[in-house]
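In structure tokens, the next block holds one chain alone, the form predicted alone.
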């Protein structure tokens, strides 16, 4: 089976668009056609017959209701691109959508990128070479699209066609003209060398075009591939200073990327009917210089480094964010255990304490490096993920609950791996000294990773728009900030004098620390309940029981039979955890009598109606989000202010992966949740509220509408 949506097998994260949904009603006459009130969609194949091993073009063609439109891959100020999910036989392959050049669609001061009247979206499908000739090749597709006029309606359709196969490829003459017309609308390679430059808020696309008759060109517009790079509604100016053709644009809301990609459209007056030209701009390296100084040779695609002022700012914010992570609720279960480690080493030499601090720091940095590498790798493959993505996978949530539960059992005395404590991680390592400190750091990083602290959000959100090395440097600096307080305490001689002396009381204190670990494991099971069905939660609890049995057996001492039973129980627990699957449909809505689920379609509709909108991006595993919801967003003051302001309240739950939420987070330079944005009904820019809320902060913002 081939799926046009990425499946991230490394972390078993499933990306899916769940429309909030007005389903299209299929026409009864054929399963290759779906008709709604606004769009007639048809799945069309270019070949009447195809040879196994060959590639055939298949098109989703839409005929759109007058005055309505659907969207391009970058929808502009609002909207949602059309998506197609393919179901094909094994070993078949499908290429990406070949998008026609879009149009500018203006409404209420916004500019969207999309299509009116008709559009065709072509994808190439390769039939497996071992497919039996003479047997029809089945193609199934599920398409979702957003169609808008003054309101927006999400629609979808399921399509099925069969492609005849044989000894030669034959054309489908009935739709040849349709394919030819759509291909005329596809952008082609630019005929001139081009470069791109940025200076302040201006982005310039320049072409070396000697001998060009520039007075024949008009209506130039550049459509960036990604949202936020170029401001959709801003005017774009075309100038020709022979031999340079230059298009200037206003920067969008996101930081400048390494390279500029998109589609340039022009109108050319040839003496008769003006013709529309469309050219592909493929990864033109953006240089931070004046437009006049931009070289006219096409540069090879490369990642542009952060500017000298930007990189220190990124790293400083990341370090501050890491420091503040120590104060976030996510890390509380580990803080007391780090304190226990300090007390246990109060009598050690300064060098021994410092080595423990360095080992702890190394564990934090290694864990952040591995997590960052996985995140950057998945994002480079096109995955719409962000910080905390690992807890969007129920298997990872279950396994982390296992780890914290096992740590709690160890602290409670159910089993012991070693007798000397430098921190909880020593139990995992089975060794004392630096090994224990190292694994304590690893666990601290794992527990802290889903949190988003002040400063940290801005640093990571910007860093992830830069090159891989810059993003990784920010992630490591975040880890350095998390580890810095403990490292500093181990390096200060005076700390040993003020700490209580080790003694029998430490055993009792260690057992008390088991209960925050059990509470953390219980919280993770609650998170799992938001992601999976009751059977999966039961499997996780049964796995924890098997794990407890295994560790109890281990604590009883040696013996071949006991060790064999313990290993079998651990294997059973891991198997139960690995079988957990996410539940179908979106995550449960955050409990609120005032709010409704966020979707891009609903957001666009409210904005088109001129209503103010408060957006809350949250997740069940985000403890900061939960604290804000209890402290600020569940108060009577908030509810009254919301009603009095007339604002709509949209809640985006990122507990499970949601590309629409990820897109909005990126729009505001956020790599994770929480995010709170208030959109005004007039031309004022949206207000991003602090990550740590109080009722007065939200009420004051709503009263300012």
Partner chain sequence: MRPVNRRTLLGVAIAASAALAFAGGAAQAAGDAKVGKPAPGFTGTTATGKPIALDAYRGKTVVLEWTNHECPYVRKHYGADNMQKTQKSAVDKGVVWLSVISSAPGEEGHVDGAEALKIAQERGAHPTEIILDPEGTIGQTYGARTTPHMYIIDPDGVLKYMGGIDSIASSRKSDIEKATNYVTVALNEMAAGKPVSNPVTRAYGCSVKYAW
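Residue numbers count along the first chain shown, from 1. The shown structure was predicted, so the numbers you read here are calculated from the model rather than taken from an experiment.
There is another form of this protein, the form predicted together with the partner chain, and it is not shown here; the text below is about that form.
Novice: Just to confirm, with a 4.5 Å cut-off on non-hydrogen atoms, which of 106, 533, 219, 596 contacts the partner chain in the predicted complex?
Specialist: Looking at 106, 533, 219, 596 one by one, just 106 meets the 4.5 Å heavy-atom criterion.
Novice: Out of 188, 234, 608, 491, which one falls within 4.5 Å of the partner chain in the predicted complex, going by heavy atoms?
Specialist: Answer to the contact question: 234.
Novice: Can you tell me whether residue 227 touches the partner chain? I mean in the predicted complex, with a 4.5 angstroms heavy atom cut-off.
Specialist: Yes, residue 227 is a contact residue.
Novice: Should residue 276 be counted as a contact of the partner chain in the predicted complex, where contact means heavy atoms within 4.5 Å?
Specialist: No, residue 276 sits far enough from the partner chain in the predicted complex that none of its heavy atoms falls within 4.5 Å.
Novice: Is residue 257 close enough to touch the partner chain in the predicted complex, meaning at least one heavy atom pair within 4.5 Å?
Specialist: Residue 257: no, not in contact with the partner chain in the predicted complex.
Novice: Is there a heavy atom of residue 110 lying 4.5 Å or less from a heavy atom of the partner chain in the predicted complex?
Specialist: Because a heavy atom of residue 110 falls inside 4.5 Å of the partner chain in the predicted complex, the answer is yes.
Novice: Mind telling me which stretch in 472-480, 618-626, 369-377, 74-82 gets its heavy atoms within 4.5 Å of the partner chain in the predicted complex?
Specialist: Result for this chain: 74-82.
Novice: Counting only non-hydrogen atoms and a 4.5 Å cut-off, give the residues of 239-264 close to the partner chain in the predicted complex.
Specialist: Heavy-atom contacts to the partner chain in the predicted complex: 250, 253, 254.
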